[in-house]
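Here we start with a single chain on its own, the form predicted on its own, put down as C-alpha cells.
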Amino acid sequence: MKLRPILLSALCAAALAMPVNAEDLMIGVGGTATSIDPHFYNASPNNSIAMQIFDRLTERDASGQLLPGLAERWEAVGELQWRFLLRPDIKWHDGEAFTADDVVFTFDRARDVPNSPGGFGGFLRAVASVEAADDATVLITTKAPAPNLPGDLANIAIVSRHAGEGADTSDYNSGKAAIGTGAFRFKEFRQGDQITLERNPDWWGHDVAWDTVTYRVISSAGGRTTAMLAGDVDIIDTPAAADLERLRSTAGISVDSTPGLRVIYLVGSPLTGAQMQFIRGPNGEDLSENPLADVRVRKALSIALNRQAIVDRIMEGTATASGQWLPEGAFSYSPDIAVPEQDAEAAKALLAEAGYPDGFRLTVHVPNDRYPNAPAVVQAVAQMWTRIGVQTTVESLPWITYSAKMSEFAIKLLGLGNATFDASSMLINVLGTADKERGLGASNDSGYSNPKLDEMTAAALSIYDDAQREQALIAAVKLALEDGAILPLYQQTNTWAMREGLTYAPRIDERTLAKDIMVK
C-alpha cells in the first residue's frame, strides 16, 4: 500500500513585484536545524538540510517510493545478508573518491554520536556487520532476517571516512567535516538563523536549478506568510491554516499540499525522577508515585480529549484526527483502530479507580516553534484535562531548549514523521526500551518500557512476507495503544506556498529539499 500525494494548486496568472531569481533561492522554514552533523539528531529540520549535503544508499521520492541512491541496486543474499552495488565514479565535495569503505565508516559512526538527543541507531539495529567486498560493493550481514533494511537505510546519510574520522559534531557544524556527495556543498551555518548552501556541479543526480540556497529560519507561521507576501522568500513551509486562503488568492503565489506521515502525539513519562516537579497532588503536595505510570490514568487522559474538535477549530482542516500513528493507506495502518471518543465521565471514573478521585496537578510541555499551532493545541488539551480534575498548566519553549530537556518533562507534545513509512519507526525508536546495544529507544526520552512490545516488534520485522509482517506490526501497534504508550492526536497535512514559476512536489515526509525545487 502506498500513500498518494494530493496536489492542491491555486496558480495565479500575475507575477509578484519581485521576480524569481533563477540562480539563488531563499526558503523560509519554521523548524530550526540544530546541527549539520547528519547523525546527530533524527529530526525533520536537520534531515532536510542533511539531504542536501549528503546522500544515502537508498532514497525516497515525494510519495515515499524507494529509489536507488548511492547504491545503484541491491539484493538479498540469503536470509541474513544484503549486497549493495555502488554507483561508479562518485566524488566527495573535495574531489576524493567515494568507496564502500566510507559506508563501513558511516554505519559505525551513525550508531552512537555523543550527546545526541535522538539518533539513528534504530535504523541499524538489524546490522551485525558491514564489509567492503571491494570499492563498489557493500555486504551487510544482519542479526536476523531484515526485509526492511533497504528502506531503513534511506535514513542514514553517508559521510566520508577521510573527513569524518576523528571529527565531532562541532566539526560538521563549522563545515570542516561537512564533506558530502550531495547536490549542495556547505557554505554557512548560523543556528536558529540561517543555513547557506552552494550547488555541487559534480553531483551525480538530476539537474539542480540553484547556485546558492539559503534556508532562513522564521519560527512564526505568520512571519513566514508575511515574508512570502513581501517577496522576501521564494517558498515557505507549514504556512498557518488561517493564512492559506489569503495565500491561495494572492496573484503570483501557489499553494501545494499532501497528506503527511507525521503524527502529533502526547507522551507521558512513568518515571519518578525530575518529572515529578511537574506532577503534584490536587492541593500542590508532593506525590510518592507517578500517576502517569498507571495505564488507567493514561487512558483517562486519552478519552478526555476531543480530537476532532482540535482538528476542526485549531488546525482548521489541515490535519486529520487519529487514534494511531499512521495515516490511512500506509503499510501497517489498521482500519480497526478508531479515533477515541471523548467521554469525560468515563475518564473521571478511571481516575477514581486509579486512586485519584480528586485528580492531580500536571504541567504539559510544548515547543512553540516546531509544529503548526502546537501551543494552541496544548492549551485546548489542558482545558479538556482540567475538566476531568487534572488541573493542567502549559509551558512552551523554543525547540532548541525543548529538545535538550525533553527527558525531564512529565508529559509533552511531540511529532514523529514515521521515517520507515510503517509502524516500526515509532515502535523501535520512541517506544522501544532504551538499549543502544539492541538499537532500541534512540528517541525514547519518556522512559517507557514494555518488553512484550519489544519482542513483538522484533518478531514482526523479521518476517519477509509482506502481508504477514503487516499483520504482526498491527498487533504490536494495538498493544502499544492499549497500554497508552502514547496518545495520538492527529496527522498533519504538509503544505508549501511558493512563487509562481516554481514547482515542488509536496512530500509526505514534509522535508523541504532545495534540490527538488524547480523552475517551470
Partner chain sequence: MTLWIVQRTLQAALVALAMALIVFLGLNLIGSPIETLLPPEATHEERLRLIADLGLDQPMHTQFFLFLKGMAQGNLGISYVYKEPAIELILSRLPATLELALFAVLLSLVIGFPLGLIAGYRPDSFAAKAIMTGSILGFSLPIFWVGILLIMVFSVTLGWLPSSGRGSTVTILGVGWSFLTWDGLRHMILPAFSLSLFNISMVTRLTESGVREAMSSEYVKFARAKGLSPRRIMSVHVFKNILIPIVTVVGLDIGTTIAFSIVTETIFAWPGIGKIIIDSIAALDRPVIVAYLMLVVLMFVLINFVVDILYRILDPRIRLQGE
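Since this is a predicted model, take the numbers as computed values, not measurements. Numbering follows the first chain given and starts at 1.
The next section is about a form of this same protein that is not shown, the form predicted in complex with its partner chain.
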Within 4.5 Å of its partner chain in the predicted bound form, heavy atoms considered, which of Thr272, Asn368, Thr196, Ser170? Ser170
Counting any non-hydrogen atom inside 4.5 Å, which residue from Asn200, Thr363, Asn373, Ser403 sits next to its partner chain in the predicted bound form? Ser403
Within 4.5 Å, heavy atoms only: does Leu85 come near its partner chain in the predicted bound form? no
Should Ser219 be counted as a contact of its partner chain in the predicted bound form, where contact means heavy atoms within 4.5 Å? yes
Close approach of Gly118 to its partner chain in the predicted bound form, 4.5 Å, heavy atom: yes
Proximity of Trp399 to its partner chain in the predicted bound form, heavy atoms at 4.5 Å: yes
So which stretch, 451 to 459, 36 to 44, 66 to 74, 467 to 475, is the one near its partner chain in the predicted bound form (non-hydrogen atoms, 4.5 Å)? 36 to 44
Scan 224 to 253 and note down the residues that get a heavy atom within 4.5 Å of its partner chain in the predicted bound form; none is a fine answer too. Thr226, Ala227, Leu229, Ala230, Asp232, Arg246
